[in-house]
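Okay, so here's just one chain, in structure tokens, the form predicted alone.
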């Protein structure tokens, strides 16, 4: 991998039902919840559009000051996550705007369905991130690197303001159709930006 920008379409990943129900705050699923879950999955499936864009950069740490290749940030939590890393993969992922449209459709007529769709949308984009990070880990291992857990703006003390630089660097609006509002929230909402550290084995 190089500092070049890459964009990929992905097949819809396998569903982690347990994780989706966790997002829905359902410790156990009774028959009614199971029916709702299945109904939401069927309706959401054709709306999903799984895309990722990413680039690799060198990283240099000086205490809590982190030179990420595309910008410089100060974060004790990210510095801890990236300790010993030589490079990072910066990425953005989305499952598209269809999920948001479904949630909006049901928000007034069926709050329960809207709630389950919210949970499923969160699980869908997290599963997409997992698939991408597994791919990065496999590629990294072939080049003598291990990967650190992904770390997103807003985690710990890493300021959400980093989103602005990430959007500019990956040209996310053009490449993924994801926009950033004045509150630094993404639309479609089921989208993620993150940093993955690469550490020499």
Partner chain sequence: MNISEFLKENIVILDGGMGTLLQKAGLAPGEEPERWNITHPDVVENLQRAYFDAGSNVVSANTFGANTLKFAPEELEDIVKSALEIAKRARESSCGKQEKFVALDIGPTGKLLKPYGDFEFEDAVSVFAKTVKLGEKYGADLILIETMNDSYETKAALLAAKENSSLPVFVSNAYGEDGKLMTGASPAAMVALAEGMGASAVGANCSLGPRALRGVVEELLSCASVPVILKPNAGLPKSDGVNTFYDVSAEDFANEVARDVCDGVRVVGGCCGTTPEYIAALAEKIKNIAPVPVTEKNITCVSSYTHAVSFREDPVLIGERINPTGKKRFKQALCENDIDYILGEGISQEEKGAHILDVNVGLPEIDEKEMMCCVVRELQAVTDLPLQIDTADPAAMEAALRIYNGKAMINSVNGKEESMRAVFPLVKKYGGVVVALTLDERGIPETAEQRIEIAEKILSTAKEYGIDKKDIVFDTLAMTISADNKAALATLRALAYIKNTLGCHTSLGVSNISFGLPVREAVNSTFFALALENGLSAAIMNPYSVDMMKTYHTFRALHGLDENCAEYIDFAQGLPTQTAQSTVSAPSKSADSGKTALQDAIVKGLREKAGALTKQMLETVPALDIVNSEIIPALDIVGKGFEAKTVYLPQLLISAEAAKAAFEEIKAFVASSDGQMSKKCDFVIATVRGDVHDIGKNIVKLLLENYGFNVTDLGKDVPAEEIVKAVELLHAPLVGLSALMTTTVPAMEETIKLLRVRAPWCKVIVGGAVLTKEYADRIGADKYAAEALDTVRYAESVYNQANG
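Because the structure is a prediction, the values reported are computed rather than measured. Numbering follows the first chain given and starts at 1.
The discussion below concerns the form predicted together with the partner chain, not included here.
With the partner chain left out of view, the stretch that reaches within 4.5 Å of it through heavy atoms in the predicted complex is, among 151-159, 57-65, 29-37, 136-144, 29-37. Although the partner is absent here, residue 84 sits far enough away that none of its heavy atoms falls within 4.5 Å of the partner chain in the predicted complex. In the predicted complex, the partner chain sits within 4.5 Å of a heavy atom belonging to residue 185. Although the partner is absent here, residue 174 sits close enough that one of its heavy atoms falls within 4.5 Å of the partner chain in the predicted complex. For residue 130, no non-hydrogen atom is located within 4.5 Å of the partner chain in the predicted complex, even though that partner is not displayed.
With respect to the partner chain in the predicted complex, the three residues 5, 25 and 108 uniformly fall within 4.5 angstroms at the level of their nearest heavy atom. Annotation for 127-144: no interface residues with the partner chain in the predicted complex [heavy atom within 4.5 Å].
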